[in-house]
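First comes one chain, alone, set out as structure tokens in the form predicted on its own.
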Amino acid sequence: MKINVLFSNLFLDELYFTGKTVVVIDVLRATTVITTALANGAREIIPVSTLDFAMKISGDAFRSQTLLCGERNTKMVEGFNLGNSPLEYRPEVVAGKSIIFYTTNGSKAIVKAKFSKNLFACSFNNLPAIARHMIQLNEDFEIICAGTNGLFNLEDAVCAGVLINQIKKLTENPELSDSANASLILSNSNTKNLFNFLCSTEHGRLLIENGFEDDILVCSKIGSTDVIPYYVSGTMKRL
């Protein structure tokens, strides 16, 4: 098994991912929200890469069974049902619903990798389950760090490193690219207190400024669920 980490997908064509196995990480907060929503009974998450497309397909949807959700620059978009806080995706709100999901970084990264053979969403919440599943698959795979506006961010790189470290503990030495090794090194020095670490990152500080500190606490919990979001036919479903 060879693991490669992409700190940005900005300069990659969609066809780069054709036939690959891919794990997308957007710790703050998209992949945490996707995992939470599916764990709380959502039928599916439909990731989209533009607001216009989100509005278009929501107009064609059965409104009683569909929620239009997500954010732009951390804030819920006007006219949406929910934002990008995992605390909003409670069972009584999302159970049985299809969720059209747009975010500044995470949903775009998923859509970019839509031609992958296998595509999963990882956060700290479901990281141990993802690690076990990747070992079971026993295939080379790419980790996409959604980053911030197409650029590097520290929390996604560290989450990638924690995932790699979990896999290393459970299987014989996987082959790591330079970027995978860099993620591993970053994770070794930043995981003693994940909540404090996430609060200290650039995006973490922005979330706190906008009143989302409680979200960071949710995002910092490792292994709180075994749900694995899996991309199939344009939607993320529970594997």
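The first residue of the sequence shown is number 1, and the count goes up from there. These numbers were taken from a predicted model, which means no experiment stands behind them.
Below, we refer to the form predicted together with D-malate (MLT), which is not included among the displayed structures.
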When the contact criterion is heavy atoms within 4.5 Å, does Ser98 count as touching D-malate (MLT) in the predicted complex? no
Distance check, Leu207 to D-malate (MLT) in the predicted complex, heavy atom within 4.5 Å: yes
Touches D-malate (MLT) in the predicted complex: Glu142 (any heavy atom, 4.5 Å): no
Classify Thr103 as contacting or not contacting D-malate (MLT) in the predicted complex by the rule of any non-hydrogen atom within 4.5 angstroms, answering yes or no. yes
Between Asn118, Asn165, Asn81, Thr74, only one gets a heavy atom within 4.5 angstroms of D-malate (MLT) in the predicted complex; which residue is that? Thr74
Within 4.5 Å of D-malate (MLT) in the predicted complex by heavy atoms, the stretch out of 29-37, 44-52, 168-176, 181-189 is 29-37
